[in-house]
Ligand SMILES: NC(=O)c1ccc[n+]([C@@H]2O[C@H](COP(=O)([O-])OP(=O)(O)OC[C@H]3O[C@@H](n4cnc5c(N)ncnc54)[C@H](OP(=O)(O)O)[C@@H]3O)[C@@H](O)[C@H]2O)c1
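Next up: just one chain, as structure tokens, the form predicted on its own.
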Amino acid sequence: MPTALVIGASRGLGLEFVKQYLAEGWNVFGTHRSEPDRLRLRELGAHTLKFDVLDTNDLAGLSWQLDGEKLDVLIVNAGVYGPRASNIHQPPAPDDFDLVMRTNVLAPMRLVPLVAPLLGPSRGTLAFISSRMGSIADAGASYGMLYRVSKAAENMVAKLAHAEYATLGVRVLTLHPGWVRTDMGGPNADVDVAASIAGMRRIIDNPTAYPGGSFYDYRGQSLAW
């Protein structure tokens, strides 16, 4: 039975990853921060792991709880958008900057060396859920500047993870889920959450068509860094 770990599984994209993998008979670990989220994941059939990406104690605890596990897929999904008004004319406040950059960048930097080796035995896939807004080549507007900067930095973390762990057989992907109807994306977004996750899973499941070290959207289209 293949095993997946979803970081940030309480709602939205992460929760849908959990649901879809469970529906196909996978063994699924999902991280949560609150007790209601833990109960929701447990009722679905997932193994629950308490993990706040900003808490170094939780990071150590996650590593301990996963000791000896072999993963086939690891989804790094936890993230925040930050202030909607952030743009080139209105730089973020220090507290907003710290929250977004620590969540979207520092947390993956700390997480990867602890969990990526668990993918080695199965030659598994580490997938970063990023955003097209983090593409430097495609940047054409400054709205959401703080989020854009954080996702560009997370994309670099993913590229470096690819450079480091490809020799162990680990495939590292960076994925854009589309503008999805979640709490972050809002009700007017273009893409249904189930369709977004199904699309990203097709990419994750096909290493021949979608090699590591690359940036794709949920439809399988290659994106510019």
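The numbering used is simple: start at 1 and walk along the sequence shown. Everything numeric here is computed off the predicted structure, so don't read it as measured data.
Just so you know, the form predicted together with this ligand exists too; it's not on screen, but the next bit is about it.
Across the proposed site, 26, 29 and 122 without exception lack any heavy atom within 4.5 Å of this ligand in the predicted complex. The closest non-hydrogen atom of residue 179 lies within 4.5 Å of this ligand in the predicted complex. Looking at residue 18, you'd find every heavy atom of it more than 4.5 angstroms from this ligand in the predicted complex. Among heavy atoms of residue 159, none comes within 4.5 Å of this ligand in the predicted complex. Taking the partner from the other structure, this ligand in the predicted complex has no heavy atom within 4.5 Å of any heavy atom of residue 214. Residues within 4.5 angstroms of this ligand in the predicted complex, judged by any non-hydrogen atom, belong to 125-133 and to none of the other stretches in 125-133, 138-146, 89-97, 110-118. Within 4.5 angstroms of this ligand in the predicted complex, the stretch 25-45 places a non-hydrogen atom from each of 33, 37, taken in sequence order.
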